[in-house]
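What follows is a single chain, given as structure tokens, in the form predicted alone.
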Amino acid sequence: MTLRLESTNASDIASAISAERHRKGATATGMVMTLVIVADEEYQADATQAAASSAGDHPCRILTVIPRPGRGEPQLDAGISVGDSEGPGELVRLRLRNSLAEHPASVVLPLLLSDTPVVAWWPAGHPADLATDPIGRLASRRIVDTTSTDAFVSALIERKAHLATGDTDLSWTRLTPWRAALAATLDQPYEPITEAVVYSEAIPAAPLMRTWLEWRLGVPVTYLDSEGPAINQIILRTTGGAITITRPTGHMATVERNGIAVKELFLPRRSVKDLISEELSRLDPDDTYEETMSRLDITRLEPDNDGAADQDDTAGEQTENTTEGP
């Protein structure tokens, strides 16, 4: 059940949360963080549901801030759910109307759980400088998603220019299965790697993957446009032949050495719920992401070719996939 308060204030909201906890016999002592989601009406429902679904693994207070700028008197409306079907934690939707929309931190600050970390998430549009934003200053971790914008090249340039400790990007989180697959593949003996190729649709995860591979392998990496879905093939060329990981459908990948299949890997494209759950599982800064972003070459964010490339024969037939992530 959702308790609705209209024309309210932060003090009354805090009292209502406490009363609901008491009524249900719930406690705040098991919650590990406050997650602040800043989104407009278009994105808030999906983002809140994704966060609430992950609350079983990461019990938290979720504050979804929905700015509604306009003329008229400032007004705060709230919807409060405590330990119900939307998750075991606390969920508060805050609609900041009119001039109050310009001052979200003043509403959020009194509602933060004491002595626990704060994570801020902008699922769509986000400030240029997260660390100096009023909400961002409250948080030790700040999450954006450059995949949510068509102008991702500009978004990556902006993120690099304003990178601060604690920042991260769900475009980077989408690479976790690929990075794990590459690490597992290279656990087996291999000849020295001389170069690598990343085949992908034009998405922000692709230049991040190229940058990470160049850093970790110390070899030149080419990024070529493909029909996808997302990143669908990575080739590591060695002095003894090619090691190829191909994922034509967005689900299963095949590892080949010199054109001979040696194993299959489960390499799914993940939902936003899975991505945000991964990020909430770590509250320390993501040093690998920050190092990758510091090395990102803003002159090489787009594919090295003009159109979809002819891929290695091992790429297989492309099929449509609607799951999110590289």
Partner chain sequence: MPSTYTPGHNPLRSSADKRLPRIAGPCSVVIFGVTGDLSKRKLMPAIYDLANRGLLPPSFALVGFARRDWEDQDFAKEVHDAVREHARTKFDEDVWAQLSKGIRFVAGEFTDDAAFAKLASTLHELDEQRGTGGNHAFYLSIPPRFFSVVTEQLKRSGLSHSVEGAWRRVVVEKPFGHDLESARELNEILGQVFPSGSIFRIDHYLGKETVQNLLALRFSNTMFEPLWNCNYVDHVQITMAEDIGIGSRAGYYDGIGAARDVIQNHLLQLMALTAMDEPTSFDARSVRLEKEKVLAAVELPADLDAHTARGQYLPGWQGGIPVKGFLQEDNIPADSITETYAAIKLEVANRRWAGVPFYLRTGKRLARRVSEIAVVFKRAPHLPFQATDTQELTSNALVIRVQPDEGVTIKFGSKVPGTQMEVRDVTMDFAYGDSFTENSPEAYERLILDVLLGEAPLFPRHEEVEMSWEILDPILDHWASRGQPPGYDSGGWGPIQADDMLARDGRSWRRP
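Positions refer to the first chain, counted from 1. Being a predicted model, the structure only gives us computed values, none of them experimental.
One more form of this protein, predicted in complex with its partner chain, exists but is not displayed; see below.
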(request) Consider residue 42 of the chain shown here, and say whether it contacts its partner chain in the predicted complex, taking contact as heavy atoms within 4.5 Å. (result) no
(message) How about residue 179 - does it come within 4.5 Å of its partner chain in the predicted complex, if we only consider non-hydrogen atoms?
(response) yes
(request) Indicate whether residue 298 is a 4.5 Å heavy atom neighbour of its partner chain in the predicted complex. (result) no
(message) in the predicted complex, is there a heavy atom of its partner chain that lies within 4.5 Å of any heavy atom of residue 161, even though the partner is absent here?
(response) no
(message) Please pick out the stretch from 246 to 254, 153 to 161, 95 to 103, 72 to 80 that is in contact with its partner chain in the predicted complex, where contact means heavy atoms within 4.5 Å.
(response) 246 to 254
(message) If the cut-off is 4.5 angstroms on heavy atoms, which of these, 50, 66, 293, 32, is the one near its partner chain in the predicted complex?
(response) 32
(message) Please identify the residue among 231, 213, 135, 144 with any heavy atom within 4.5 Å of its partner chain in the predicted complex.
(response) 213
(message) Within 4.5 Å of its partner chain in the predicted complex, counting any non-hydrogen atom, which residues from 215 to 242 show up?
(response) 216, 217, 218, 219
